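One chain is shown next in structure tokens, namely the form predicted on its own.
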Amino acid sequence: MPFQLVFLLTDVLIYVLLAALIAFGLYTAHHEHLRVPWRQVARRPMAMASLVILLVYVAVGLMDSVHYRPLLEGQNRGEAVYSNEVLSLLDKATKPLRARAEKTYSAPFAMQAYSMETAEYPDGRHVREYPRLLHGGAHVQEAGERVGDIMLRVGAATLAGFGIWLLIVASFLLFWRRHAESWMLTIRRLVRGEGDFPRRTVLVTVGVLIVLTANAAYLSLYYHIFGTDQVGQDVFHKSLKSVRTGLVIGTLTTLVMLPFAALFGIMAGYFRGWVDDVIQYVYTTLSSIPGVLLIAAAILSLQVYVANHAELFDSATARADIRLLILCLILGVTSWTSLCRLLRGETLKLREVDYIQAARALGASHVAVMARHILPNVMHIILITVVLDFSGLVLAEAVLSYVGVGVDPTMDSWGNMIVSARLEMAREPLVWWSLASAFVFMFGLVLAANLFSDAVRDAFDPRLRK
């Protein structure tokens, strides 16, 4: 085989979470009481536009979660030797960005380096000047031609993206068109936004994303659209690679948090007495310990373990991945207490309602009552908390990396980009694009997640449901 698949621990957990989401979707599709609130979410244009953006981030993260080792060239056919470097499908798709490295800093769409260097001419003269980049704008002969070349390529990419979008719209209209209905009437219904589902908003959002993607993909072949960092790596490529880290922090931490919060919260509210006292003591004690201290202790202990057992990790990617997993675990352990309190209070109320009392009087076991009657009635709290906490967890990674206890410094993440930008902002001339790139990508993910979570909260909260 030309490659060898590599399954990192976080990759396996991502696949498990994806399978759980698919199973939850199938379960929801067969239960009307669960379909009703999701239909309400689907009727909100802003929620559907945010969902489209989130799906783009998820697609990038999934591409970066399929890892492999490429086959080394020049090997004998009878013996396959694979590289020690672990790559992903995203690395394969963005190979031009990864391979086109410069010497050091360069501004977005620049043709020359950001710092002056001493150049020696054949006649012996030494001149301080801005050297030309090896790859960025190398096809342009004169600096005055750069703006025209960029505008020409933006126009070509925009036309290509718009053409692809028109094909998608035409395919949708062909599917959506009613029997014996004229094409003009079908287009008019789409433009007016008829129907409960905001098809017009979804198609417009898809069109904008396609045009932006076409421009970014085409321009990045000729320029560094977000500049380069201190070692000459493309900042746009680093921002794309950081998407997976943000999604892993936001999703796997939730996967760790939910079992603790759901089990202990429902048990504390249902059994009361000494069970409630013990669980309250546990989460009150855990809440009183600063989370940063627990995270720092866990990360430092992990660093010592990895240093003493280097043979267990066959690559730098595996070492960075285990640190990311430990960070998700410790964040999950320290963040389940607030949801546990909410579930405990709701369970205290539910255990006194008539149908719970009737189930207990008919001889139902405690496990059956909690699983079949209480858990379904607190799912709205769990779902609302999960979607609202996602944005906070993504931002928490940036804060933890800033203080030095976040993900591994060798792993691409928005937090590490902000940490490096802290030193770049203090130099002269100012290097601002690393911080701007991390801000743009993080802002897009967090804003889309917040808008979508607001719609989910309004749909599933019984007090707000219409």
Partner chain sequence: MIGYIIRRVLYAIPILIGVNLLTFALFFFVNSPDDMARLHLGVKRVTPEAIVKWKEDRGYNKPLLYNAANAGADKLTDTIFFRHSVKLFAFDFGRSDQGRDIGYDIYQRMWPSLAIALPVFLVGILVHITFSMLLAFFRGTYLDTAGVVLCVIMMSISALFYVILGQYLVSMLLRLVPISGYDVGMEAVKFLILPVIVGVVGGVGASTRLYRTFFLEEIGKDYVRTARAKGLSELRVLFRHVLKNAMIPILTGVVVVIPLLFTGSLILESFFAVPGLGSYTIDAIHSQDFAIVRAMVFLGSVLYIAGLILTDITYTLVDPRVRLE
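These numbers come from a predicted model, not from an experiment. Between two forms, the rigid core is defined as the largest C-alpha subset superposing within 1.5 Å. Numbering follows the first chain given and starts at 1.
Keep in mind that the form predicted together with its partner chain is not shown, yet the notes after this line are about it.
**Student:** Do heavy atoms from each of 151, 153 and 171 fall within 4.5 Å of its partner chain in the model of the complex?
**Tutor:** No residue of the spot touches its partner chain in the model of the complex.
**Student:** Within 4.5 Å of its partner chain in the model of the complex, heavy atoms considered, which of 203, 216, 209, 292?
**Tutor:** It is 292.
**Student:** Among 71, 379, 359, 286, which has at least one heavy atom within 4.5 Å of its partner chain in the model of the complex?
**Tutor:** When its partner chain is considered in the model of the complex, the option within 4.5 Å is 286.
**Student:** Select, from the options 216 to 224, 254 to 262, 297 to 305, 137 to 145, the stretch whose residues sit within 4.5 angstroms of its partner chain in the model of the complex by heavy atom distance.
**Tutor:** Selected range: 297 to 305.
**Student:** Can any non-hydrogen atom of residue 281 be found within 4.5 angstroms of its partner chain in the model of the complex?
**Tutor:** Yes, residue 281 sits close enough to its partner chain in the model of the complex that at least one of its heavy atoms falls within 4.5 Å.
**Student:** Whether residue 11 contacts its partner chain in the model of the complex should be assessed with a 4.5 Å heavy atom distance threshold; does it?
**Tutor:** Residue 11 lies outside the contact set for its partner chain.
**Student:** Is residue 405 one of the residues lying within 4.5 Å of its partner chain in the model of the complex, judged by heavy atom distances?
**Tutor:** Yes - in the model of the complex, heavy atoms of residue 405 and its partner chain come within 4.5 Å of each other.
**Student:** Though only this chain appears here, would residue 430 touch its partner chain in the model of the complex if you measure heavy atom gaps against 4.5 Å?
**Tutor:** Result yes; residue 430 sits at the interface with its partner chain in the model of the complex.
**Student:** Can you list, in sequence order, the residues from 383 to 403 that come within 4.5 Å of its partner chain in the model of the complex, counting heavy atoms only?
**Tutor:** Residues within 4.5 Å: 395, 398, 399, 402, 403.
**Student:** After superposing the rigid core, is the C-alpha displacement of residue 39 2 Å or more between the shown form and the other one?
**Tutor:** Comparing forms between the shown form and the other one, the residue 39 CA shifts below 2 Å.
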